[in-house]
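Below sits a lone chain in structure tokens, taken as the form predicted on its own.
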């Protein structure tokens, strides 16, 4: 069997593996080797009998992706470019949210805190006018194993211990709800306490607003956080920025969000990419406040990261703060996302685009 014909073992939950591997307790051992030791071959799984290791090697593979490029920012963020078997590439980003802190005696007071943005598709069907990923259109869905492998390889590459928790955001390349089956499967795999143990409350699925699939996601009962890429407060502008708004307009998104199950401690995140002279005015802030009235929500204002060839510009800091202050003053929880990796390929899809250009594609 050719290696590309073998299914990645990361495609399976531990429960599924326990049905495929006998005796069933071996599945827990395999999970430990994969997600605690970050092994790259079945031969490294020392407590498995050789016969089982041989059988697993014939049937499954461990590494469906490989790192082909990475860039490290002065702020500690690292952008990764992963390559699939078909040669196509996707991006992930390790964001250092808080640096390690030490006590006076040199002992560790607080460990680093990380968030990882992961991709779920090669390219994207949504076609947002401000997004560099949209230039290449949609190419393929990632498998659950390819989604999981992004986190596994990043943890291995940075020697992040298995018991160290991090946050995951499905906010790289692609629309997560357009690949819902694989995204949901990866979420379950991430959450397994015998694997990476990344609890659902540490996972956020960010969508451009596929209303019917927001409802479907809610019914799956994954317990994840929901983030909506809104970016505009009226359908006319949103259709210009996000053509998908013609199929899923703002009101349909609001209606779907109201059906999404959230517990008492959670809020739905509304992401608002702020673009200079496009949606950064106070009239938009007032409309946004009205639009989200009655929804347990918070707003994350995001600076637009310019890239070569775009007509859009990064907003002024004073305008961002004025926008935030208006919403906060009127009772809407609002934050400004700290820009990361501005000295490297910061825009989503930029590292991939640079790689394609260098290779003459």
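Predicted, not measured: the structure shown is a model, and the values here were computed from it. Numbering follows the first chain given and starts at 1.
One more form of this protein should be noted, the form predicted in complex with S-adenosyl-L-homocysteine, which is absent from this view; the next part is about it.
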>> At 4.5 Å between heavy atoms, is residue 170 in contact with S-adenosyl-L-homocysteine in the predicted bound form?
In response: yes
> Hey, in the predicted bound form, does residue 271 get a heavy atom within 4.5 angstroms of S-adenosyl-L-homocysteine?
Replying inline: yes
> Does any heavy atom of residue 114 come within 4.5 Å of a heavy atom of S-adenosyl-L-homocysteine in the predicted bound form?
Replying inline: no
>> Can you work out whether residue 130 and S-adenosyl-L-homocysteine are in contact in the predicted bound form, taking contact to mean some heavy atom pair no more than 4.5 Å apart?
In response: yes
>> Only one of 332, 302, 52, 27 gets a heavy atom within 4.5 Å of S-adenosyl-L-homocysteine in the predicted bound form. Which one?
In response: 302
> Only one of 206, 211, 185, 89 has a non-hydrogen atom within 4.5 angstroms of S-adenosyl-L-homocysteine in the predicted bound form; which is it?
Replying inline: 206
> If contact means any heavy atom within 4.5 Å, which of 191-199, 213-221, 104-112, 271-279 contacts S-adenosyl-L-homocysteine in the predicted bound form?
Replying inline: 271-279
>> With S-adenosyl-L-homocysteine taken in the predicted bound form, which residues across 220-248 come within 4.5 angstroms through any non-hydrogen atom?
In response: 229, 231
